[in-house]
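Look below for two forms of one protein chain, each set out as structure tokens: first structure 1, then structure 2.
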Structure 1
């Protein structure tokens, strides 16, 4: 085997899909904890992916596979499955890690099935510390059920097969990817146009008409503690002072006080900002699922026992109607 972990990245237009480096961080973590190597693959038409492969080569990887062919210029499930099946036969990874995107959900189950395996999808945690314990050896992959109400753990049962894993948005931080230097390996799969049964259409646009909170560096999020819709002005002013995006928990959006595109949580957007300021949010598990990737969490709530304080780096126990205006004023100077 070359590298035991292979990360399959995803492009968007001429650049990266935002989740590619989250998947790369997960792959590096898995490889480091197992004490094995990690490589990455980028797919497309040869000349188009050359600069992207060079960018990946500046990361701590054993190798970067530039999987190029004219039939990969546009995404098709058949094309991606055929190319990756051949790459896996060449690279011989033990684990293949994907970002859990719409595209991956389209082709990865077919790829896993082609190889007689299953896909462990939407993984939020990877634990390797006790990889050899239990009846089945190997890393433990965690994912959530019932909108975050339950946590489930999985191990890959086939010790001689390939373990396919996709990671949930926001579960691993893109800025955790380690830098380094690696070799770019050109890989030309044998592609047959007749075996690609679909014609590429217009690319699916995720949340094309919504606010993309996943790219926000600072988010001010408001919960039912705000009381009434008229009081939203307080947090809007705070968000403006911070240059932040405004977000909300589900009750606020369900009430129609803010559009659904502003919702953070298991049934909304998953975010990973540098700063997440939770105002009047109790911290239900459904909301925590969506903001757990935040680097720093500040919570303002008058209930000292609110669950949000269990995940907050800084907690302010107080009346938001007093704290928020004072904070806004202090920021504005």
Structure 2
């Protein structure tokens, strides 16, 4: 066991998942603060990942592991766990850093379990204890509880084991990845087709999208604060007065009050309007990743501590049932 950091990247189609470089930035930062080396792994079918491994080799890393096998051509949890278990045995990292993607949610907890470990998931901060913070052993990882109502700081207690960490979207900057030069090491895990117990199908989209929120200039977005389906007319009127598209958080679409295609967030649309007006939306991370690109964010929420106010430019702490009709009236003049 050495003290190094290993970052496991993720591919998408023939290229990268956008969060791979955020994880790489987090891994490099952790390694730098601990004064240890950092390496990275890319997984897939050998020929397909060769150009990606070459790209990683131009980053400041000790090594790039190209983990290749025909059985890794398409993602399966069993395949990824088997390959990474072997890579970890070979590379012997002390820390393994992942991007907190849907794919990582699917296999990283199983990988950690196989090694008797626990994934410290969805972390937003990594802090290496310094002289001032006293004799705390090892880095401190910050993550959210109760969808952002509290912050919890974790540390890995098992000093002889591997510490697994995944980082939340947007918490580390992809453009902070340091350039350098390293060598590519091909790693061929022993894979058995019979050990892959799931048969994955191709990705598909449910239906042709009839609304394209991604090009909308003004969006009024409604969340669970609206309470009842019949209250939706309040925000529909506001949207009409503003000439805006109507969008929603997930619970509104889950309940069938608005169609899925109007959902903004990690499992819905990503939008970048000139104005995003969030009404009765708390601001959970899965929602924020879909609308952080908005030029101006206005939030109306009765809870002054709602996380949405962390990304809002203009905020109104108040009851939407009073503020929204008043605003519609004022716009109509």
Ligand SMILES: Cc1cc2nc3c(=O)[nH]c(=O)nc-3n(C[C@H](O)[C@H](O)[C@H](O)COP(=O)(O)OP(=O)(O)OC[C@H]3O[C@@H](n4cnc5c(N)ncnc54)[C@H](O)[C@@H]3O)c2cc1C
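All values reported here derive from a predicted model rather than from experimental measurement. Residue numbers count along the first chain shown, from 1. We call the rigid core the largest set of C-alpha positions that still match within 1.5 Å between the two forms.
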>> Only one of structures 1 and 2 is the form predicted together with the ligand; identify it.
In response: 2
> Taking the rigid core as the reference frame, is the Cα of residue 63 displaced by 2 Å or more between structure 1 and structure 2?
Replying inline: no
> Honestly, after the rigid core fit, is residue 318 moving at least 2 Å at Cα between structure 1 and structure 2?
Replying inline: yes
>> So, superposing on the core, is the move of residue 292 at the CA at least 2 angstroms between structure 1 and structure 2?
In response: yes
> After superposition on the rigid core, what is the displacement of the C-alpha atom of residue 277 between structure 1 and structure 2, in Å?
Replying inline: 12.8
